[in-house]
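Starting off, we have a lone chain in the form predicted alone, written out as structure tokens.
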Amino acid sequence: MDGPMRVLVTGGSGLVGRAIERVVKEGERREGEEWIFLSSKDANLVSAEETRSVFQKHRPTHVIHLAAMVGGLYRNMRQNLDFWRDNVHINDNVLYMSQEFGVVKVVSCLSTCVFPDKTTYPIDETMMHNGAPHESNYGYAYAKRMIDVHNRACFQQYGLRYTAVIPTNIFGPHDNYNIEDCHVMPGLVHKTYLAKKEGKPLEVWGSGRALRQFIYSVDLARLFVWVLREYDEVEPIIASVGEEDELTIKDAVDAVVEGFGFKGEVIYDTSKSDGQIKKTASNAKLRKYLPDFKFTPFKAAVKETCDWLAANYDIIRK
């Protein structure tokens, strides 16, 4: 491509979008580049008309597609149809308009929930379509899988190199901290903040035994920029810490408790679901490309997240 990139980031005001904005400001931007961070206030991407008008307005050369209808385990279990329909519409609109407006490259964000529920571990990029996803969030998972189908078909029919990143459990500043409706880490951070403030026990949903690989949003942002610039495959790539860095939810609870200096009681409510007990992912492909990439140490990233929430409590999404 000749000339500087004009990058449109959908979902630009969310967890990963704000992290990309931060790393771009802190030195990832190259001379002449333009970065446009869209939020849901700028356009409802479920609407083909509104998506088209955004592409007409900004005429991007590259797109990082983060926008999605997202929620935690319990909301997914209640609203699988909504998650399926809204995300299928959003993804089709963004990918189709990218093709129509001559976008050189799109990097979309998937999730490890796209992988089959019944599988062998560790999971790798080749296993996405090998069986049904976990029943708790199949609507969201199938909608995200369809991005990969769209990308393959786009390459086959038009030679376009649109691809996707598959992160493991993301956390960091600017997350959705709504306790009824968020992912595990922001839920723990918000609950621990409130428990400390109110002098009450910390109640954790589930047994604490489930295993997860956590990735700090700022690390993921750096990887997204690398994928946009350097990664040339249509096949997706898993963005994750290694299998050796997989933690239990209890490990995560302990790190958040330490991050806030919480001294109260911690109670595990085992009547609540653990979701998938494990979904260990391999980062061998990422390491083949980036053997020296340094992830932020987990406890340091958790502490930064806790400090950010405490400093910004009045304005967080809750």
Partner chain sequence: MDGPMRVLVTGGSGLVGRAIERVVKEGEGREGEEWIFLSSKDANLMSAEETRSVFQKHRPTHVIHLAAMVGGLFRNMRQNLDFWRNNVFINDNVLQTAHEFGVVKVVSCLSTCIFPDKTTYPIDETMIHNGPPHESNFGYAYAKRMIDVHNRACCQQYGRRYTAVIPTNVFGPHDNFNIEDGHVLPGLIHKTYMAKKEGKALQVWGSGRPLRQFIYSLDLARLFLWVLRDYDEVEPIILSVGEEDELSIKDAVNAVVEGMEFKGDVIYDTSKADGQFKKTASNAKLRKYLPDFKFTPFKAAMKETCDWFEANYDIARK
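Here the structure is a predicted model, which is why all the values come from computation and not from measurement. Numbering follows the first chain given and starts at 1.
Although not depicted, the form predicted in complex with its partner chain is the subject of the following passage.
The closest heavy atom approach of C113 to its partner chain in the model of the complex falls outside 4.5 Å. Contact between Y177 and its partner chain in the model of the complex is not found at the 4.5 Å heavy atom cutoff. Of the heavy atoms in T120, none are within 4.5 Å of its partner chain in the model of the complex. Its partner chain is not drawn, but in the model of the complex it has a heavy atom within 4.5 Å of D92. The candidate stretches are 104-112, 243-251, 179-187, 132-140, and the one lying within 4.5 Å of its partner chain in the model of the complex by heavy atoms is 132-140.
Interface residue among R209, K200, R152, R229, judged by heavy atoms within 4.5 Å of its partner chain in the model of the complex: R152.
Contacts of stretch 80-97 with its partner chain in the model of the complex, defined by any heavy atom lying within 4.5 Å, are made by N80, L81, D82, W84, R85, V88, H89, D92, Y96, listed in sequence order.
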